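Given next, in structure tokens, is a single chain: the form predicted on its own.
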Amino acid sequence: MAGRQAVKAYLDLMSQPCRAVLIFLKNNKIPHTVEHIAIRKGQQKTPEFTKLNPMQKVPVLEDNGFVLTESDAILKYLATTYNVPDHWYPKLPEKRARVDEYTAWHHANTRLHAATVFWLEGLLPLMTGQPTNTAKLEKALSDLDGTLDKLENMFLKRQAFLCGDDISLADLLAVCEIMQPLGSGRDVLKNRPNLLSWRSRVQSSLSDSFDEAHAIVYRLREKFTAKL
């Protein structure tokens, strides 16, 4: 886009939605710069960042003076504002509605339950020095199992991707959440061949941008498994 400056993304790559935004920017070659915000250091609470996002959360996108929060809104804004392939967020109402259907469900299901497993098994023991609460973890894994059933049987079904034959924002958001428990050494898809194949297709579609964004997760997995 002539006359536009590169967008600026405020990200912490420990955050699943932040990784989704970065992957989308890189994969679609949208000119961008990244301002790293370390949540563990409280950098989201500085006056400067709070002015950008009073909710003190990442990701945040700044595009030529326009500031936007929330990953779902950011990804859909980028998909409709920049020249990216239509399959990400299709213009055809029925196809777009399928993507919206998943993203509306995503936050209280895939995101919530995968993140809870990682919190209980990875982050909380790391922060407190206390062992994982087995009962809480078993409940979280059961909740995630129910979510993965729906992901496979309601959304994926016999398709290549969650909303059809091509990758979309739904796949991008979902895969970043499902990758998170790998940071504590758990592959939540290991006994689910259909979802494993789906993840491989998503990873192949995203090429290098996928592994670059998830490098921090791979490093965490190495540290976690080395302690076992």
Partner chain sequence: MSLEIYLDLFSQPCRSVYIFTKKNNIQFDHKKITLFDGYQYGEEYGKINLLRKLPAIKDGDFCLAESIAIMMYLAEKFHTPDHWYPADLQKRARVNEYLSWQHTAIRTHGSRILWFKLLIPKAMGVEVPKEKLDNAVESFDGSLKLFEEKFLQGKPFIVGDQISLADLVAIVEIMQPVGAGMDVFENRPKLKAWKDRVREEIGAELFDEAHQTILSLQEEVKTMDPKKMEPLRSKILKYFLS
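Keep in mind that what you see is a predicted model, and the values were worked out from it rather than measured. Residue numbers count along the first chain shown, from 1.
Just so it is clear, the following notes concern the form predicted together with the partner chain, a form of the same protein that is not shown.
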query: Partner contact for D166 in the model of the complex: the partner chain, 4.5 angstroms, heavy atom; finding: no
query: Any non-hydrogen atom of F155 within 4.5 angstroms of the partner chain in the model of the complex; finding: yes
query: P93, heavy atom within 4.5 angstroms of the partner chain in the model of the complex; finding: yes
query: Heavy atom of W88 within 4.5 Å of the partner chain in the model of the complex; finding: no
query: Candidate from L195, L182, I30, L68 lying within 4.5 Å of the partner chain in the model of the complex - any heavy atom; finding: L68
query: Contact check for Q43, A115 and L137 against the partner chain in the model of the complex, heavy atom at 4.5 Å; finding: no
query: Residue stretch of 183-191, 32-40, 47-55, 199-207 approaching the partner chain in the model of the complex, non-hydrogen atom distance within 4.5 Å; finding: 47-55
query: Stretch 191-208: residues contacting the partner chain in the model of the complex, 4.5 Å heavy atom cut-off; finding: none
